[in-house]
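One chain comes next, on its own, written as structure tokens: the form predicted alone.
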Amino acid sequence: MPRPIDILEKSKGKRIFIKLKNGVEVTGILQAFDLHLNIWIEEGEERKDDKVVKFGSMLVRGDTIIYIAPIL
């Protein structure tokens, strides 16, 4: 049975969805992560209140994350 960290490892180079504690939703291409679940993504987009802000590279701090899901 795969561990959650294994699923993240398989998602490198693929688009992921991140839900944050403050209600913000982030999508982007997973580049790297650490054991604290700090997430580095490229082509990042932040959505909140129907507003979209585009970023190139983003670092999402692990303690702000509710969940992460690969986008299929």
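On a predicted model such as this, the values are computed, not experimentally measured, just so you know. In this text, residue numbers run from 1 along the sequence as written.
If you look for the form predicted in complex with a further copy of the same chain, you will not find it shown, but the lines that follow are about it.
Answer with yes or no whether Lys12 is in contact with a further copy of the same chain in the predicted bound form, where contact means some heavy atom within 4.5 Å.
-> Although a further copy of the same chain is absent here, Lys12 would touch it in the predicted bound form, with heavy atoms inside 4.5 Å.
Report yes if any heavy atom of Asp63 sits within 4.5 Å of a heavy atom of a further copy of the same chain in the predicted bound form; otherwise report no.
-> Because a heavy atom of Asp63 falls inside 4.5 Å of a further copy of the same chain in the predicted bound form, the answer is yes.
Looking at the partner-bound form in the predicted bound form, is Ala32 within 4.5 Å of a further copy of the same chain by any heavy atom?
-> It does: once a further copy of the same chain is placed as it appears in the predicted bound form, Ala32 has a heavy atom within 4.5 Å of it.
Counting only non-hydrogen atoms and a 4.5 Å cut-off, give the residues of 32 to 60 close to a further copy of the same chain in the predicted bound form.
-> The stretch touches the partner through Ala32, Phe33, Asp34, His36, Leu37, Asn38, Ile39, Trp40, Glu46, Phe55, Gly56, Ser57, Met58, Leu59, Val60.
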